[in-house]
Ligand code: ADP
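Shown here is one chain on its own, the form predicted alone, set out as structure tokens.
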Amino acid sequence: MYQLQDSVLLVKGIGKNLQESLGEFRIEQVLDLLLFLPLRYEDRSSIKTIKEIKNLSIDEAQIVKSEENQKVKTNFATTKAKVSKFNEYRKGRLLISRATITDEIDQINCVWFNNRFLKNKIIVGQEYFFSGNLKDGSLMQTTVEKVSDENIHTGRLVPIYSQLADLKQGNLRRILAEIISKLHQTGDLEQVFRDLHFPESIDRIVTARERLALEEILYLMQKSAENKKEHQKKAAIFNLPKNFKNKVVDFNLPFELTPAQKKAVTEIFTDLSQSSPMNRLLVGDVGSGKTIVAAIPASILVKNSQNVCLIVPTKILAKQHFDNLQNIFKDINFELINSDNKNKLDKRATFYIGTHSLLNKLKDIKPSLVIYDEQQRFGVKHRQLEKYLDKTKNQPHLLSMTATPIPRSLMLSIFSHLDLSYLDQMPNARKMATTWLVPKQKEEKALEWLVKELLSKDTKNDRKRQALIICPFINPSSYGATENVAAVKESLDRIKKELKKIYQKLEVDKKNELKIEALHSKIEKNKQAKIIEDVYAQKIQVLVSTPMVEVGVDLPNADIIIIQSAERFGLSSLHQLRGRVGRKGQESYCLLFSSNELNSGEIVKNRLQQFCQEKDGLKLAQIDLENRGAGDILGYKQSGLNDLHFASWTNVEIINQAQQKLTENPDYKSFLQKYLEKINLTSNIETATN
């Protein structure tokens, strides 16, 4: 009998040399080998007569089914027959083996190439199962197996594995069958492993895979809970006054908070009143008022002699927050920190606002609260505060804000690392921009429509309309795969030429022509600042830019945004860009242009059409989750499923089952624990709470 923790050397058929080879694949114990799962299965279970095989159509022989991401190929013809003739011959270096097999009614030929062991395996007059692909009236590269009650290569769903050491598929199946037939394990695990490797039906495969997925999620949830406890041992470095909630009620704001904003503020204050540091994610669509929600508790901390840091990804956004918050909270001290600002730190309690440069000053500032704005723009390492703080001191509270959380953050909120506040209401009844995917042949018409819209003044609000045109690149790419992707400089020239034609067609006076300008990171800083200033002053009506305007830049008069080569952007970035228009509550529009390759890419086209229909940032994050994966929730990785071995982050039902199971039995221990730890699923575990 075999135990899961037994060395593979104890298994019949595995000697010292094979043990060493398996060790190179980190397969050392019986459990490791049992968890080397099939890539797919071949359905060789349908036993047909030779006459039925000959009558198979090409279409019937090429069916491929996919069940729960486990591909099951069914393009095999399987029969039970006797060998009436067998011979071998060479054609150059090619060894060709041919057998004629017969049943009670008909006969058919089987052909193999370069199988020098076959002649020792096949005996004329013996009955076998034969399973192969039907081609030109013969079964090609046929699998042969003696007829018995325990067939593992034919007559059933047959597992197909990736290459493991020097093991051939047949030998690996025999070893696994040996282990499973003599596995001594309590509970239902024996059946789980049997269904994974030698299932009786596709449904049994799915059920067994779901069991592994459940065990993996359970283990990760337990690790998450442990990491949160470690984080909470680091006590907060200050105490709020007992009457701080009353001060929120009396807060004098120039506008009314939405109920969702008030709820989020209350949740943050509740966290701040605890003895352990907060780790909260504030999610809200662009324009939902996340900044003011974070600024209210931050300002009260400053009033209570505590320093606060608001860290943003760009200088433009830092300056914008600095100006806006100073106008609202006039009775506290603010300081703007960026790479151009060499000012010494203020000795007074201060609300610091800055870019990444602010991170390097955290040790001296000793903040009580650190706020990340647009947290998806910061790498996981940037959000690992311990790197920048005095490790001997207590940790600050942490509040992250995002419009569309990256999948990693979304999944962390499902687990226990992050608490989640969600702003599901828009101030001033603001609507998200109407979004269209514009076919290539209609792009010129779309530009003409754009000109007409921008030339029609908004008499109701007495303002000029403005538009943004976004390009992924600054300069055209020389690489074949990206040579069609829109670039700012090239687009600016092309758009100017198109506009001239449109002006002539519409008979637009020279003095009424739209002022158009480009903005990108290669432009000198002073000129960038002047362009941004002119945009805010409405001197520029069309701004052609890279995605540098994506993050939080408030352009209240922008009504229309055109995103070129839209397929090059993730859904989160597209949503952020779309949120740059309509910020005063006016009707706004987002037009998606595509590169040439979209015309032949249905998957990309469907993704963009899905984006046009979905306006909710959290739902878009879930779509991103399905498309990209969640990333390493216990490490640095931002996307991809490589670090999930059995589960899928998109299977919410499994996640819910795991949560319920842990509620019922908090001490449950997954049988996968040691295996997952060994394969470094929990690498960089110290970053889990960031």
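So that there is no doubt, residue numbering starts at 1 and follows the sequence shown. Since the model is a prediction, treat every value here as computed from it, not as a measurement.
This protein has a second form, the form predicted together with ligand ADP, left out of what is shown; the following refers to that one.
- Though ligand ADP is absent from this view, in the predicted bound form it lies within 4.5 Å of a heavy atom of just one residue from Gln261, Thr435, Asn307, Gln564, which is Gln261.
- Of the residues given (Arg465, Lys290, His575, Lys223), Lys290 alone sits with a heavy atom within 4.5 Å of ligand ADP in the predicted bound form.
- In the predicted bound form, ligand ADP sits within 4.5 Å of a heavy atom belonging to Val286.
- For the chain shown alone, Asp203 is not a contact residue for ligand ADP in the predicted bound form, no non-hydrogen atom being within 4.5 angstroms.
- In the predicted bound form, ligand ADP stays beyond 4.5 Å of every heavy atom belonging to Val83.
- Proximity of Tyr89 to ligand ADP in the predicted bound form: non-hydrogen atoms within 4.5 Å are absent; the residue sits far from the partner.
- Between 99-107, 512-520, 252-260, 498-506, the stretch whose residues reach within 4.5 angstroms of ligand ADP in the predicted bound form through a non-hydrogen atom is 252-260.
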